[in-house]
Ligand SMILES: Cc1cc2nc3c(=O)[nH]c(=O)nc-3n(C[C@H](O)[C@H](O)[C@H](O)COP(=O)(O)OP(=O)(O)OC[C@H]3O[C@@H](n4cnc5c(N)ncnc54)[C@H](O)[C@@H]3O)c2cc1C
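Only one chain is given next, in structure tokens, and it is the form predicted on its own.
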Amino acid sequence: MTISVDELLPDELLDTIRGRAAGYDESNGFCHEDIRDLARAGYLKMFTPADDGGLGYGLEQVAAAQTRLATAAPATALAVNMHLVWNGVAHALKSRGDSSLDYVLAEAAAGEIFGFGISEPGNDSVLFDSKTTAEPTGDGGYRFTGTKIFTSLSPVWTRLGVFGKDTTGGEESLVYGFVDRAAAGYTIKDDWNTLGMRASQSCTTVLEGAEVPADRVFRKMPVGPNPDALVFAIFATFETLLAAVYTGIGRRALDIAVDAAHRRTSAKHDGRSYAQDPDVRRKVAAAAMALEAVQAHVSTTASQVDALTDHGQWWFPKLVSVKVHATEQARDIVDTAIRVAGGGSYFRGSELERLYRDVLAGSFHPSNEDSAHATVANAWLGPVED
């Protein structure tokens, strides 16, 4: 029988993970102990079918787990997201009759950790073009040369999913494959020193002819927008799980605000707690209503991906919307929580101070606010006329 999310992440484990978060942030260190504990719990094989040694979760359950984990350690949750994205892609494809990435689920169950080497500096086409070169080796394999940024799990990934552009044929094509950590031809820079999400250690990876053998090349497709199921699976899993992480940040900030409102007292109001102050009550209520909407949005989106709901051309506006909705609302909730908690939250080392820095990262993940609004506007109004 499948275990529940609460059983997978019991309060004791969450407390342990939460207890490490400040130290990782302060030292700018990777969350090694968290990854170890999560692997032991079976967290890294959530998408793998139960018959194959996993937990058999769908996207809705994994999103719920990521939200719960992010209440304890947002940077750890963000790092794990990238492993879960490739597993979620494999699961989504499998659910739609495509077995091309079934080995990802099997290898995750065996302990492999997948990194997401897709983002590139200056590439605002995201999945529809690449600045990385994919050079055929002549035997079905490829050598990849280029720079990948925000490569989370840099210290521990064992398989790095990458893509690049092959310009050697008559038609340019995008090539996807997995680089093995034991392979030559890449360098991981020690350059992750950021405002927030520090424990994710999402370092820059420079591909210098990194070779991917033929049996690890899993997709080739034309440059530009493409109806391939892989593109949908990446967008659906990536955007939904990002939204889940930031929803968790919002939930934790609200919990801290509620605790602070009960704990703080007001001399102006005869020593009563701020939980009795009408302005504070309104702020907390507004944050709680925003959180309810975001939680429902993430859950509904994930459940529709699991149910193979056919939204056709509306899927991409829906997916960018859930990501932007969650990240922006989480930011507002954290801001409200800081106002409720008072000046103590402004000091280095407070949990809200760290959440404030972590939640800012949501603005930089694709799709960003501007591109998301363009996607939604095109869906509703049509493209801008020349």
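What you are looking at is a predicted structure, and each value in this text was computed from that prediction instead of being measured. Just count from 1 along the sequence shown to find any residue number.
The form predicted in complex with the ligand exists for this protein as well; it is not shown, and the discussion that follows is about that form.
**Request:** Decide whether residue 64 counts as a contact residue for the ligand in the model of the complex under a heavy atom distance cut-off of 4.5 Å.
**Result:** Looking in the model of the complex, residue contacts with the ligand do not include residue 64, since no heavy atom lies within 4.5 Å.
**Message:** Taking the ligand as it sits in the model of the complex, is residue 44 in contact with it (heavy atom to heavy atom, 4.5 Å or less)?
**Reply:** No, residue 44 stays farther than 4.5 Å from the ligand in the model of the complex.
**Request:** Look up in the model of the complex whether residue 121 has a non-hydrogen atom within 4.5 angstroms of the ligand, and give yes or no.
**Result:** Yes - in the model of the complex, heavy atoms of residue 121 and the ligand come within 4.5 Å of each other.
**Request:** Using the partner position in the model of the complex, report whether residue 361 sits within 4.5 Å of the ligand, counting heavy atoms only.
**Result:** Residue-level check for residue 361: yes, a contact with the ligand.
**Message:** For the three residues 264, 274 and 345, which mark the spot I'm curious about, does each lie within 4.5 Å of the ligand in the model of the complex through at least one heavy atom?
**Reply:** Checking in the model of the complex: none of 264, 274 and 345 is within 4.5 Å of the ligand.
**Prompt:** For the chain seen here without its partner, which of 211 to 219, 310 to 318, 113 to 121, 251 to 259 has a heavy atom within 4.5 Å of the ligand in the model of the complex?
**Reply:** Partner-contacting stretch among the options: 113 to 121.
**Message:** Considering non-hydrogen atoms and a 4.5 Å limit, which listed residue (87, 295, 130, 151) is close to the ligand in the model of the complex?
**Reply:** After the contact test, the surviving option is 151.
**Asked** Pick from 82, 72, 179, 287: which has a non-hydrogen atom within 4.5 Å of the ligand in the model of the complex?
**Response** It is 82.
**Prompt:** Using a 4.5 Å cut-off on heavy atoms, which residues of 168 to 205 contact the ligand in the model of the complex?
**Reply:** Counting only heavy atoms within 4.5 Å of the ligand in the model of the complex, the contacting residues of 168 to 205 are 192, 197, 200, 202.
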